[in-house]
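Let's start with one chain on its own, the form predicted on its own, as structure tokens.
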């Protein structure tokens, strides 16, 4: 009988110990601020061996304007910012399902998106441009008519080309669109201006064509789940601070020059 009681006591003690270790693990993960992104959008986010922020499982690192901003938001509130890298089209679904705390992915603030998520104050203003070969006869947006156009699925480029009424082909990554252009399989890529500068710098023979009349400016924001007021206020305060002290302007210059 005493032996049975002793065994039960040992089992109970072991269970308490395991519970304590489990609690420690929960506290560690609770200190994380998980940002969702699509790391195919330089200079805002890309995979980098010497990146400034790690993936949730620690197997990858990421760098870019958005990644520094995410990291600084985490630091401001004593949390470790980490990244969940996924397809762009999956980001808002992941946010709604609680897989991520916030989404930072060079995401344009639109009325349609605001129906499902809450956005921070804007932190960056961009516009759409066309990337073409140097000898192309595309000088303005209307010249895209009848041309083969490549866009990234879910990006603003797809939206504006659709609104212009032109046919296009979608790809999962900007690099795939650029490869199509370099290999002569398409005539133009429509994408955000800052990212276009990066791709043109990396690929000889390509140029950027702008058309302010066809492509209006757009504002990027960080998305959070509907009703997550506390996190939204924290993010807004951090963004405002970085706007006021020039941090975001400096990052824009730094990362576009590095391109």
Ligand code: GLN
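Please read all numbers here as calculations on a predicted model, not as lab measurements. Positions refer to the first chain, counted from 1.
Omitted here: the form predicted in complex with ligand GLN. The next part is about that form.
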### Query
Which single stretch, out of 176-184, 98-106, 135-143, 72-80, brings residue heavy atoms within 4.5 Å of ligand GLN in the predicted complex?
98-106
#### Entry: Residue contact check: residue 156 to ligand GLN in the predicted complex, 4.5 Å heavy atom
yes
### Query
Can you check whether residue 114 is within 4.5 Å of ligand GLN in the predicted complex, heavy atom basis?
no
#### Entry: 4.5 Å heavy atom contact, residue 166 and ligand GLN in the predicted complex
no
### Query
Hey, in the predicted complex, is residue 220 touching ligand GLN, heavy atoms inside 4.5 Å?
yes
### Task
Quick one: name the residues from 31-47 with any non-hydrogen atom within 4.5 angstroms of ligand GLN in the predicted complex.
41, 45
